[in-house]
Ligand code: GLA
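Shown below, as structure tokens, is a lone chain in the form predicted on its own; questions about how it binds or moves come after it.
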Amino acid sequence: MKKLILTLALCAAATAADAQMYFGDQKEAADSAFLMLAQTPPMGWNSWNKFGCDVSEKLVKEMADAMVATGMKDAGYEYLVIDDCWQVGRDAEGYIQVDAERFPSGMKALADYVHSKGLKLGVYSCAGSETCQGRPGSRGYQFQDARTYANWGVDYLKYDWCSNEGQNAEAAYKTMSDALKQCGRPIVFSICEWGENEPWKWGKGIGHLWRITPDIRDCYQCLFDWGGVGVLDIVDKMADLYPYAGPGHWNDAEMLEVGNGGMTHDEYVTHFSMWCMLAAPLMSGNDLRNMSKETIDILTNKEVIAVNQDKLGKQGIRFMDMGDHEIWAKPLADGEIAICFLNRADTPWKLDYDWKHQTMYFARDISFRKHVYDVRDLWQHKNIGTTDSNLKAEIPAHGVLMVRLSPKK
């Protein structure tokens, strides 16, 4: 009898050890898969800036169609993210309920439609008990919600910070991160706690991107006492955060306002250029169904987007600050460099830049003077000289000159 008990005990111990090893391997694999998402800044569309709570199945389908028809999908945009107000309650078992009037086919059918277009679907929730618009949040339901999203076919989760009730931000976001890692589907996790708790210091491994400011407003530079910020205000906040960005973990400069009408053409070019220099996610926030040619040309500029999506994954650095005039530099793969001359002034900048008497240093003191470079204007789509001669241009008020330097062969 003693031998039998001993044998059973040994078998039970072996079984427990095998199970622990199995589940440990499963968790490690899930964590690794999660970390491999968003190796370049995510690109897509979000409903909030233009439509607020006015979201519906019909709207998202039309946006999916427009993303394909306008060339945005071909330019790299892939996520369609439904922001707040798609959810209306929970059932008796706690499952989140979709607004049946606005989404009559259900979220699974909508995800299938989006996927049929070669695109991906995102949804919104909140770390608090309620979302920012008073809809049910995910607090206390994180693992249930994550499994629900996976069953629907969701590919992206934006997770807000309203009604947080004094939670520890890192712990709150880690709980949902753990839930997503175990849900059985790869889902990009967007941390949206507005930079209040310095998520760049703890977000890596928890999320793939994290907001660094309050909500963006459709203006070049503006501050609101209720939290909105303009393009230059976000750029200034991003400037010192470059050490925290890289493949799979990005500083989120907020959604794009390009095409929403609050800025001039030159200001929208600056907005888009700087988001690309800063390796920020490119989430358009306009009506894709009714874009002007100028808006499409900005949002689908593949040469500028290539700077954003560069595989090296470096965030640009403000290497020279001359007040109204700034020079930003972003190291790229294959020894190339993106340079953006930013004119913050209300008057044009008559640039006469002598490459030979300037040395650009990046995070690891990489100098560009070791080579002669071809200089390509990424908005004019043409080469405009080499670094053997001065760069001369007139940069409009609130505008940029964005160039790519390639070692001359």
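Residues carry their position along the shown sequence, with the first being 1. Given the structure is predicted, the values throughout are model-derived calculations rather than measurements.
Not pictured, yet referred to below: the form predicted in complex with ligand GLA.
Although the partner is absent from this view, residue 34 stays clear of ligand GLA in the predicted bound form, with no non-hydrogen atom inside 4.5 angstroms. The closest heavy atom approach of residue 275 to ligand GLA in the predicted bound form falls outside 4.5 Å. For the chain shown alone, residue 86 is not a contact residue for ligand GLA in the predicted bound form, no non-hydrogen atom being within 4.5 angstroms. Using a 4.5 angstroms limit between non-hydrogen atoms, residue 215 touches ligand GLA in the predicted bound form. For the residues 194, 319, 113, 242, the 4.5 Å heavy atom test against ligand GLA in the predicted bound form is passed only by 194. The partner is absent here, but in the predicted bound form a heavy atom of 255, alone among 123, 231, 180, 255, sits within 4.5 Å of ligand GLA. Here the chain stands by itself, but in the predicted bound form one stretch of 305 to 313, 145 to 153, 91 to 99, 128 to 136, 128 to 136, has heavy atoms within 4.5 Å of ligand GLA.
Along 40 to 76, a non-hydrogen atom within 4.5 Å of ligand GLA in the predicted bound form is carried only by 48.
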